[in-house]
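Below you'll find only one chain, the form predicted on its own, shown as structure tokens.
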């Protein structure tokens, strides 16, 4: 049956058809929908893990048990999971194991641009790169056969445009695959004596994979004009075909590690000029050059941002296509925390006290943008707590009374706990604020270990944050409602003044959760409003100024009341009737 599918949904369908039994992932755009789609198949056990390392290790355990397994993450998530990945290359697998990493060229929702092909090369595992939804489904199924044939985990690299675009796929039936578990200490126990013996096996496997790549169906030559030959992969292939059609010859690589050297050389011999079109790093180009071939690519194409048809066309002097222009200019719409966001009150209080705020990864990172402008550092998941510890250790009294770490509940479970343990163990006088909005907000409301529900929404184990923090050695642990500005002010002042480390849990569910019942929206008494703009200081998108007076957009307002707490004239009132 043929169906129009997102690339991510196609991978989930591929998991089903390949007989996969176990999926463990951590949500990260643009990979999240794979697991959200996979959970719809009753034959596949799915879960959200606390972080990518745990997800990959869990998937490895399922493979070891003889069941095909899978995990997904975005590019920075693969950094977190690099430790098990590199050693799994040595142990190999039992049942097939596939790992999707979704790169985010253009940084639509990420803190850096990163090319995950480096991980495949360094870990010495094969990597596949589909260029559309049809290939996403087909490559997923083929990846499991490849994994079991060569006794290796297989990386499959997606990117934003393939993950979130749609094309037609042809679905098939599920085929079950199971293998028995057999005890094998030399293979699976990676202490030095065993690992030393496994390394030559990895090198021999890489040699065999190079031979396999020469004739693998993942790679194909599409001959056209011979003046120009283009080597490309993934979404870049789509741009190349749209720009050049049959006027150039194309070597499309679906398997980008290891590369098929003979195939590349044979292709190069058939064209007058050889070019590599690849997003981000010039990985293929450098390897082709190392084969002794004359090749270009980075000399005409950038190594930053995502490509487009027009970018490729312009680089090669081809005609570009103009889009349709709107008659009216669209006003800029910078990212902002939602109306009623529970983090807004806490950030307002922190800014008012002129605190130094070291932040973390999540929708609350928007606390860095005007008018709040509260967060001064964001590095990676969990770094806020660790960085605050180091910051305070070096500056002591100079910073202890004004510096805090802010971290979301899901991010805290992901990698904040070890940083908190470091604060407790190595005794810095640090104040940690856990922004508990009862969900994983930034990636689209996925459950996490603090919510009490699993990926299907069924009741699950629930971590008690207060008890956890106390068990880690913190005597000062308090909970505040971020809608209560006076309570936030008092908590921040008291904990920063304390002579020991402390934790503030700012608890209020995300305003966008369906289960949250909001109060009636507020309105403004124009007679009382003096146009002082005090209410504008929190950056709520539901509040604007018109004719010198504050105005509330009742379609956005959730009645949180933060603005009314700032108004010196009590001009805000509830629209609730009766």
Partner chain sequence: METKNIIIVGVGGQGSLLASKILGDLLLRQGYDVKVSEVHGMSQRGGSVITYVRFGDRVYSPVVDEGEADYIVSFEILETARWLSYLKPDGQIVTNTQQIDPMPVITGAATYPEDLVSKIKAAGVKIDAMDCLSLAREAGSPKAVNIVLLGRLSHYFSISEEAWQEALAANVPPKFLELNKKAFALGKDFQG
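Here the structure is a predicted model, which is why all the values come from computation and not from measurement. Numbering follows the first chain given and starts at 1. Each form is matched to the other, and the largest set of C-alpha atoms that superpose within 1.5 Å is called the rigid core.
Heads up, the form predicted together with its partner chain isn't pictured, but that's what we're talking about next.
Shown without its partner, this chain lists 353, 164, 318, 476 as candidates; in the model of the complex, only 164 has a non-hydrogen atom within 4.5 angstroms of its partner chain.
Shown without its partner, this chain lists 427, 184, 310, 149 as candidates; in the model of the complex, only 310 has a non-hydrogen atom within 4.5 angstroms of its partner chain. Proximity to its partner chain in the model of the complex, taken as heavy atoms within 4.5 Å, picks out 231-239 from the listed stretches 137-145, 231-239, 293-301, 122-130. By the criterion of a heavy atom within 4.5 Å, residue 47 is excluded from the residues contacting its partner chain in the model of the complex. None of the heavy atoms of residue 248 is located within 4.5 Å of its partner chain in the model of the complex. Although the partner is absent here, residue 29 lies within 4.5 Å of its partner chain in the model of the complex, judged by heavy atoms. Its partner chain in the model of the complex comes within 4.5 Å of a heavy atom belonging to residue 441. Residues of 454-468 placing a heavy atom within 4.5 Å of its partner chain in the model of the complex: none. When two forms of a protein are overlaid on their rigid core, residues whose CA moves 2 Å or more are considered shifted, and residue 191 is not one of them between this form and the one not shown. The two forms, fitted on the rigid core, differ between this form and the one not shown by less than 2 Å at the CA of residue 394. Superposition of the core reveals a Cα shift of less than 2 Å for residue 304 between this form and the one not shown.
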